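A lone chain, given as structure tokens: the form predicted alone.
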């Protein structure tokens, strides 16, 4: 079956599965096999792990490695609650490095370590540059494994941070296996809810660029400092960058 030109044109602007066509009541074989491959890649991404030596080398500085209470990837996937709790030994180690009033930058594997491995170095560098220019005191970068978003609350609390900025791998989709999200929480502590965070998502080459994501994060942190809160209390009113260049 021939794909109409309208769908062919739309595919130039998206990786979404549009205009797949059909054979009888089913998809064409090529579209079905492509879906199966994408699904397998997404499953592999969920089970991926960070290359810690390579990541810490490119992050530079005195990187602090921590882990959640999930002993392995299987426990992490089956027990989300364990991924939100910091290992007791690592909590004590962070408390010894406390920097009251700092901003804690956390790089976490989340649900797509391969995306973090690819995006986090450039993203962390852009964030550090912008936040330092805004006068923030930055704690040494923290790399967290088997981590959920809420793990940042315990990390920030242990460091005495004014705010935590967590870069974490987002759940992989059938067309995006390298997406990273940033979660910002003011006055982090255990028990914070998702309503008390701001999220910047879809950070990847085919989505939101690293520099734009860092700009948004810096604006939100500056606004959080004035307001004393993040989440539903803080609306992102930062200037928008056009999605497409003007002609």
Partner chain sequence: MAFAQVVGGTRYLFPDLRSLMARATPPRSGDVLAGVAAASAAERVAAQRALADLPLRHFLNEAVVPYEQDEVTRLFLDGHDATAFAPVAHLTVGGFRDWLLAEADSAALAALAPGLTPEMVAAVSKICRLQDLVSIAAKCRVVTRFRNTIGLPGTLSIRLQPNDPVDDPKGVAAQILDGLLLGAGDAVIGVNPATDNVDNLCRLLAMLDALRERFAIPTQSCVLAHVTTTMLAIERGAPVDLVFQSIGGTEATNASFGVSLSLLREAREAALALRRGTLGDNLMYFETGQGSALSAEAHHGCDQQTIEARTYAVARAFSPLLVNSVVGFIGPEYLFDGKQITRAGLEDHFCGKLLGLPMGVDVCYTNHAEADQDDMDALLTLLGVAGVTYVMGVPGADDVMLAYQSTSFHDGLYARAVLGKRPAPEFAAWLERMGIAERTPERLPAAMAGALA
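Definition used throughout: the rigid core is the maximal C-alpha set that superposes within 1.5 Å between two forms. Positions refer to the first chain, counted from 1. Just so you know, these numbers come straight off a predicted model, no measurement behind them.
Although it is not shown, the form predicted together with the partner chain is what the next lines describe.
When you look in the predicted complex, the only residue of 46, 63, 200, 187 with a non-hydrogen atom within 4.5 Å of the partner chain is 46.
Residue-level contacts in the predicted complex: of 157, 111, 143, 139, one residue has a heavy atom within 4.5 Å of the partner chain, and it is 111. From the list 128-136, 149-157, 71-79, 100-108, the contact stretch for the partner chain in the predicted complex under a 4.5 Å heavy atom rule is 71-79.
Proximity of residue 15 to the partner chain in the predicted complex: non-hydrogen atoms within 4.5 Å are present. Of the heavy atoms in residue 174, some are within 4.5 Å of the partner chain in the predicted complex.
Although the partner is absent here, residue 25 is a contact residue: one of its heavy atoms lies within 4.5 angstroms of the partner chain in the predicted complex. Among residues of the shown chain, residue 236 is not one whose heavy atoms approach the partner chain to within 4.5 Å in the predicted complex. If you take 115-132 and check each residue for a heavy atom within 4.5 Å of the partner chain in the predicted complex, you get nothing at all. Core-superposed comparison between this form and the one not shown: the C-alpha position of residue 227 differs by less than 2 Å. Core-superposed comparison between this form and the one not shown: the Cα of residue 69 travels less than 2 Å. Core-superposed comparison between this form and the one not shown: the C-alpha position of residue 26 differs by no less than 2 Å.
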